[in-house]
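Just the one chain here, laid out as structure tokens, in the form predicted alone.
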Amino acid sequence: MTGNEAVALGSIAGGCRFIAAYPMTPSTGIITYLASTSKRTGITAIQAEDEIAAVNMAVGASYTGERAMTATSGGGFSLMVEGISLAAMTELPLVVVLGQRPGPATGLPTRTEQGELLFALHCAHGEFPRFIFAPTDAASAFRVMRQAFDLSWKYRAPSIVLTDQYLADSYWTVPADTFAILPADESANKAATAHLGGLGFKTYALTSDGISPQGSLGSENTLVICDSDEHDEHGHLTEDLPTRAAMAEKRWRKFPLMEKEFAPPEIEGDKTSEAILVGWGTSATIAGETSKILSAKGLKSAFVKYEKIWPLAVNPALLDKRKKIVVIENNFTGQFARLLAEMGVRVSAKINRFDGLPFFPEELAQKISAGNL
């Protein structure tokens, strides 16, 4: 199957009920798959008139209580960022798939790159917590999408899933049991239901953990108010400054709990190796293959694969100053290496490719073994 098909299957497993999107390479295959299977799944799939409409349709669907998503590429994501900020302020869960390709502008629309990590991390006006994922292969895409939906609905925070053209359009052989569909986590919905009833429902209740029970539009005998301006606990617009401060603090009280959702990835390969190859998304798969080639040549090698990007959990081995940390990624500036450095990791070398092609393990292994970093 293709990576896009795996993303779509993971969305189904995550309880997705609605997708709105505007076609844009390389993410178009997600909505076409969900549309073609909609009679069996019951998912509503809408081709919107543009990306602004798509993201706001998804936010509106989330307001009705349905699990909703959208999918796009860099140019479309640029148009969506105001809608993502709207989801953050209204604390409406939302999953956005961003299929990366070389930019700026139209760039190379049918080639691959990982140039939008920092964009996803800092996109949209205002400050708010978010989850960022980057699947490493098709099996990872299925797993990540399922978790993106569950965590977005648990914390009422956006989940952004970074794919790329290499993942989206490549065909992957995956064991069938990888796609066992388990029930979606509905605990957040049940918690909200327990609080519903009457006109005094607090859409943005100031809870100790920052997570308010989510009421949805049309809830029986309950008034659910939602506002894109700053608001009080009931959802009414306010310019009361102490209330503004309390709401900002409430939204950020979620973040320490969100951090606990992501455990550091394991070191794989020869843990005694001085060098550790680090990759994220599809470059992580390449790092793993490269490490195996080096090991076959008798060279000690270990690697780390990151599919859960933010909040960033760092394996303690990466903080060991005796280790040589080599970060592999498909962009010019070394965006993930920069994030690791901000977390205290001393990056020894960066290997970057930005010509529109993915890395090839044999070439990387030759470069590393020759010491040409």
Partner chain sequence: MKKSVLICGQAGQGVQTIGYLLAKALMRERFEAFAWQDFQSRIRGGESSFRIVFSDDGALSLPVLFDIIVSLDKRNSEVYRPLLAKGGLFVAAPGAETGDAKVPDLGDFAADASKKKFLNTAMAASAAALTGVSADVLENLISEEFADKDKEVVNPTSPPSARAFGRRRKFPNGFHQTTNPARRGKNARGQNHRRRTFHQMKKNS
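The model shown is predicted, which means the values in this text are computed figures rather than measured ones. Residue numbers count along the first chain shown, from 1.
Below, we refer to the form predicted in complex with the partner chain, which is not included among the displayed structures.
For residue 111, a non-hydrogen atom is located within 4.5 Å of the partner chain in the predicted bound form, even though that partner is not displayed.
Although the partner is absent from this view, residue 360 contacts the partner chain in the predicted bound form, with a non-hydrogen atom inside 4.5 angstroms. Among heavy atoms of residue 96, none comes within 4.5 Å of the partner chain in the predicted bound form. The shortest heavy atom separation between residue 289 and the partner chain in the predicted bound form is within 4.5 Å.
Among the residues 173, 272, 221, 208, the one placing a heavy atom within 4.5 Å of the partner chain in the predicted bound form is 173. Site annotation in the predicted bound form: the residue of 44, 64, 37, 47 reaching within 4.5 Å of the partner chain with a heavy atom is 37. Although the partner is absent from the chain shown here, 1, 9 and 165 each have a heavy atom within 4.5 Å of the partner chain in the predicted bound form. Residues within 4.5 angstroms of the partner chain in the predicted bound form, judged by any non-hydrogen atom, belong to 281 to 289 and to none of the other stretches in 88 to 96, 145 to 153, 253 to 261, 281 to 289. In this stretch, 115 to 154, the one residue having a heavy atom within 4.5 Å of the partner chain in the predicted bound form is 137; the partner itself is omitted from this view.
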